[in-house]
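Next up: just one chain, as structure tokens, the form predicted alone.
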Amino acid sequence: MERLALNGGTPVRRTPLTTGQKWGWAELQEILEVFEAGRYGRFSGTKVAAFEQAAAEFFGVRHAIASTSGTASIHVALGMLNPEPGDEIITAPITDLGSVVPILYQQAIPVFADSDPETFCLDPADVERKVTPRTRAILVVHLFGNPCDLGAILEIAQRHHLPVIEDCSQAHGAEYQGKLCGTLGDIGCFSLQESKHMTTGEGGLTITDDEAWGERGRLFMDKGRTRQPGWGRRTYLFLAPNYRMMELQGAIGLAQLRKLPDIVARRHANGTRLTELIGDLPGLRPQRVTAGGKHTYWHYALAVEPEGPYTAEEFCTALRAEGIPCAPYYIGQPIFLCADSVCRKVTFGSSQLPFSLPTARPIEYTEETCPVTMDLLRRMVTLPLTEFWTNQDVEDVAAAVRKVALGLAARRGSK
């Protein structure tokens, strides 16, 4: 058996994996048009409105609302629903805090359902167990580009009369049962941060086909302001932040949206091929694509087997020695244990709002809240798959993963 680079063998890869530029001449042309027009604000120019219209057409919905970040896009979604203080929002424990901050700012309580150990997404059975009379909505996260089991989750939501928000920040262009993620639930949210499939540097997008929610979301993005032509008395209908996207971002978004189908196709092809090459290795399980889903691979995720021949840390140390970037544990622990605003309730001054509201039921967040997630994160490994990888990149990554998995398993077996 070939000696591992960690033990003095020859690394599989001696040069970095192929990268590329997310922006090019198409984005520059759109930006130049903004400079030529000399209008840079959300309501003085035309690019943000054009981006919203193009996004609505792409997803086949009536409303697309651009904003300043993925966090803002979810806050706009919560603003559409307008929960009562102390209402509960069920969401995922493996996510960025951007999925949780909007819940707290709307004075609602995040409730975390556990993960499926194979797909790494929300476990529908635990979602059902977490529903209470205070539940106002379900916020799913399509982790790494893998769709949640939307069939089961939508059935639960319909039975309990709950809206579903889809956090598609890592899942641009992902599909479930042939439909684009973000369009199966009631509201879809997207991050346009620079690491995402399409990017405006920073930015967000919220989509819905519901007329009332679409109108409220557009107002929520703009401080609740009704904009009448000309000057005159201003009217702000409700409390809301300012999440207006600027024209330069809208211009870039237009060019990026045109590129998205090709980006998604290449990421999907690279991820699918990599799974074909490494899916049979001892001690290692790639993230299972949800039945009926199309994965778009924001990252490529795996998990080492429980009580397997090596740990996630050991696997990553050996794989990096082979010239392949990777990281163990992803976020390290469930998001509610990462954030003092949740686990220690450090929110608004010393108030502990919304947890201290008389309408809120007592909730504590511990390692026992989501035990499957705790175990899964200890075993998780992520690889930075991109649309720029060539066939040779995929072959080299697969070769290195095979070499490490087999080498570490053999080492353990000889002890």
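All figures in this text were calculated on a predicted structure; none of them were measured in a lab. From 1 onward, residues are counted along the sequence shown.
Keep in mind that the form predicted together with a small molecule is missing from the display, and what follows is about it.
Segment that reaches the small molecule in the predicted complex - one of 92-100, 239-247, 75-83, 339-347, heavy atoms within 4.5 Å: Among the listed stretches, the partner-contacting one is 92-100.
Single option in I187, V141, A251, C181 placed near the small molecule in the predicted complex, where near means a heavy atom within 4.5 Å: Contact residue from the list: V141.
Interface residue in the predicted complex among T208, S169, T200, T296, criterion: non-hydrogen atom within 4.5 angstroms of the small molecule: By the 4.5 Å criterion, the partner-contacting residue is S169.
Contact label in the predicted complex: T275 to the small molecule, heavy atom within 4.5 Å: T275: no, not in contact with the small molecule in the predicted complex.
Interface membership of T71, the small molecule in the predicted complex, 4.5 Å heavy atom rule: Yes, contact at 4.5 Å.
Proximity of S191 to the small molecule in the predicted complex, heavy atoms at 4.5 Å: Because a heavy atom of S191 falls inside 4.5 Å of the small molecule in the predicted complex, the answer is yes.
Contact label in the predicted complex: K196 to the small molecule, heavy atom within 4.5 Å: Contact with the small molecule, yes.
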